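Single chain ahead, by itself, as structure tokens, in the form predicted on its own.
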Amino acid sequence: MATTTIIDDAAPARTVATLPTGGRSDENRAGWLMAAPFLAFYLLFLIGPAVFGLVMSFFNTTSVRPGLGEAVGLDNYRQIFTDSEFWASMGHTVWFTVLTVPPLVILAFVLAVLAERVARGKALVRFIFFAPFVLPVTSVTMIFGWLYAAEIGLLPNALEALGLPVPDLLGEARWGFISVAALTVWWTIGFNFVLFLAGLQDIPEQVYEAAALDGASPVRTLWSLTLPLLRPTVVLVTMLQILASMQIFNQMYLLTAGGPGTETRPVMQYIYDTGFSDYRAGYSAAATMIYFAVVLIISVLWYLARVRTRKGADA
């Protein structure tokens, strides 16, 4: 390692260590070497299949014959834009997103605020709210399947005992969406709860002490202090939840299978059905690319909102 002597008229001469020539390039080389295994897997299992899917979307590829098949240009994309089933599945996905995002953001925030104010047993309260999130989707759908089952389910029997009308929770489209949305809220709210809890813990206690000295009520403190300081977390949770809800597939497929008919089929199941049930792999790849573009646009909007939030916080 080289050394440099610094001479200052107002201070005695001292010697400091400096990086040898080429040190930064060595660090860069070491960084690339350490990241190489991850980059190889990323290229092999993410970028590679995505590029192959893009190529396949321009061919009449089927799942039962090898090769790409006949080139069809943009025909797959033209058919999708006029396919009523595709747009119906897009509508189902949007409706499910509308049903799940508000409760998963608002309830998670309220639960986090309440959990943060608990004086004793904070760890237990946090565990109770987060525990459902670690359950596998098959277990969660089995539990709610037993709750929703017509005639023998706990919920229909409870409604019948109370003398209330008993809806077909999984057999009617409108109730199917609500049933799966309720399952999703119970199952995944723990993740948003943890994010809000982390945001609340980053707020300095002195802020609340100053508000208390000024005589601010709890509601005023929540509205004027907590919410503005949590704005980056709110934006993050909202956009992550929108993206997660738009990828709905597992719980909907296991509970309703997109039924009755295709009235609750989300777009991810539409892509799965066309690719693996109808064997139209090229068409399915084109639908995937269109949906990817939609998700990408939302992601860019989230990024712009995040940049704007940061600028507002720094101002």
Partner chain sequence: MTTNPLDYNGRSRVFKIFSAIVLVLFAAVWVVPLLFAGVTSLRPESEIAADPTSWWSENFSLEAYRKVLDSTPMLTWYLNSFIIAALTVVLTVFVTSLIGFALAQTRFRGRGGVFALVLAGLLIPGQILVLPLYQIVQGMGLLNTYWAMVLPAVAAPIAVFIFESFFSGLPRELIDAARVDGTSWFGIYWRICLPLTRPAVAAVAIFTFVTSWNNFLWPLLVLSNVDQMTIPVGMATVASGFGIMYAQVMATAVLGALPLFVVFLLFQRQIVQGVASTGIK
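Keep in mind that this is a model prediction, so the values were computed, not measured. In this text, rigid core is short for the largest set of C-alphas that superpose within 1.5 Å between two forms. Residue numbers count along the first chain shown, from 1.
There is another form of this protein, the form predicted in complex with the partner chain, and it is not shown here; the text below is about that form.
In the predicted bound form, the partner chain sits beyond 4.5 Å of every heavy atom of residue 70. Taking the partner from the other structure, the partner chain in the predicted bound form has a heavy atom within 4.5 Å of a heavy atom of residue 138. Taking the partner from elsewhere, residue 59 is found to have every heavy atom lying beyond 4.5 Å of the partner chain in the predicted bound form. At the 4.5 Å threshold, heavy atoms of residue 88 stay clear of the partner chain in the predicted bound form, well away from it. Between the options 106, 74, 164, 154, the residue in contact with the partner chain in the predicted bound form by a heavy atom within 4.5 angstroms is 154.
A heavy atom within 4.5 Å of the partner chain in the predicted bound form is found for one listed residue only; from 223, 208, 81, 95, this is 208. Contact with the partner chain in the predicted bound form, defined as a heavy atom within 4.5 Å, is made by none of 159, 181 and 259. Residues 212, 213, 218, 236 are the ones in 211 to 243 with at least one heavy atom within 4.5 Å of the partner chain in the predicted bound form, listed in sequence order.
The two forms, fitted on the rigid core, differ between this form and the one not shown by 2 Å or more at the CA of residue 32.
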